[in-house]
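Okay, here we've got a single chain as structure tokens, the form predicted alone, with questions on binding and movement later.
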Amino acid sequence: MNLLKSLTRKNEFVSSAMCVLLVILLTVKGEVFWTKGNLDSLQASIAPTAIMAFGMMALLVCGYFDLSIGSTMLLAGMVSGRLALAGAPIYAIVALVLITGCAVGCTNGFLVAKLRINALIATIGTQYIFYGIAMTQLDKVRALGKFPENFIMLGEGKALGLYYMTWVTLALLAVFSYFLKYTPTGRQLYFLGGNREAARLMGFNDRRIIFAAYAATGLLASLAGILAAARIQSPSQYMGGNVHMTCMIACVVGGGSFAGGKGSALGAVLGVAFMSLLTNMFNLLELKAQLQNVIVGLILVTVIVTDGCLNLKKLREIGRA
């Protein structure tokens, strides 16, 4: 009984339970769920989004968010595609695009951490700016033809039955889990999100921490952009569309909080897996797309209300103490 209570208190318990329920439902109702094609599609859906969700979760832990990650992903996809078509070596493409993504993240970090601009306003602004820049490259990339095979392999290549991008996601899961749980900077994210004023009084450099979190988020979004562009094998203006909302919902479903102070790398992956399985369910069971919007909206409202109630309860307990 005590073990059960301990497990149910884990942030990841609800999201993992919902994933298991969806898998059971799709196993029973979806005849092709366990086919190679469907599992490959799930991998390709989960991996890039989960990579971005690591950054979003880090921001949520310290009480912030980034609405520009979709535009960063799209910009990275355009830049990487153009470099690949120009014949640049793979290592140079990855390095240059990651630097570009990090620069985008640093821009957001400067606006939010240094200039103290509200994260909503700052990242909506950069979302439009970087989307516009990315779209100026769309026709130029399309005119250059098909992506070279060595670049496509970044998205299509496999090892031991899993895509390279899935292995990258698993490696990042291990890295971010260790970072958040065992490093001083990772623990400072929780202190900052839990009680910002107390963290400052303890001597934490909140501006440096927030800036670094945004820089990491931009870098991860650019990595996801490279892998997604290689996977779809052509530039698309739809890449990254609404991914910021998917990541935020996934992170909260996985145990994060808009108020900050909680969340984990595993929770981010489980939340993304749940969202991908939900989409997969609608496709396999041939349900109406409008119903999917209703379900996602209900999930968003539910997690926000639940999160708000838990935070209100926490504040009341602090007040009584």
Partner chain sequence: MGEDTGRQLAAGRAEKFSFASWTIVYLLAALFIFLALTRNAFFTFSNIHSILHSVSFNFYAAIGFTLLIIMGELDLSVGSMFGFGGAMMGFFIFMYKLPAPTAIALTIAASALVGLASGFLIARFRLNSMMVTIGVMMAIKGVNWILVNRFSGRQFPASARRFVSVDVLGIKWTIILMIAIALALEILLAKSRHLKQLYYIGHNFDTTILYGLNANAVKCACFAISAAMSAFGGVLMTARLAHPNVTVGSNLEISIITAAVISGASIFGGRGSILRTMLGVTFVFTLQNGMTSYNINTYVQQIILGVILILAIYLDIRANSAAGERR
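As the structure is a prediction and not an experimental result, all values here were calculated from the model. Residue numbers count along the first chain shown, from 1.
Just so it is clear, the following notes concern the form predicted in complex with the partner chain, a form of the same protein that is not shown.
- Taken together, L111, A122 and Q290 are fully in contact with the partner chain in the predicted complex: each brings a heavy atom within 4.5 Å.
- For the partner chain in the predicted complex, the listed stretch (241 to 249, 92 to 100, 224 to 232, 156 to 164) containing residues with heavy atoms inside 4.5 Å is 241 to 249.
- Residue contact check for R200: one or more of its heavy atoms lie within 4.5 Å of the partner chain in the predicted complex.
- In the predicted complex, at least one heavy atom of Y131 sits within 4.5 Å of the partner chain.
- In the predicted complex, at least one heavy atom of L298 sits within 4.5 Å of the partner chain.
- By the criterion of a heavy atom within 4.5 Å, I46 is excluded from the residues contacting the partner chain in the predicted complex.
- Shown without its partner, this chain lists V28, V32, V294, L285 as candidates; in the predicted complex, only V294 has a non-hydrogen atom within 4.5 angstroms of the partner chain.
- Note on contacts: among A88, I117, L173, C106, the single residue with a heavy atom within 4.5 Å of the partner chain in the predicted complex is I117.
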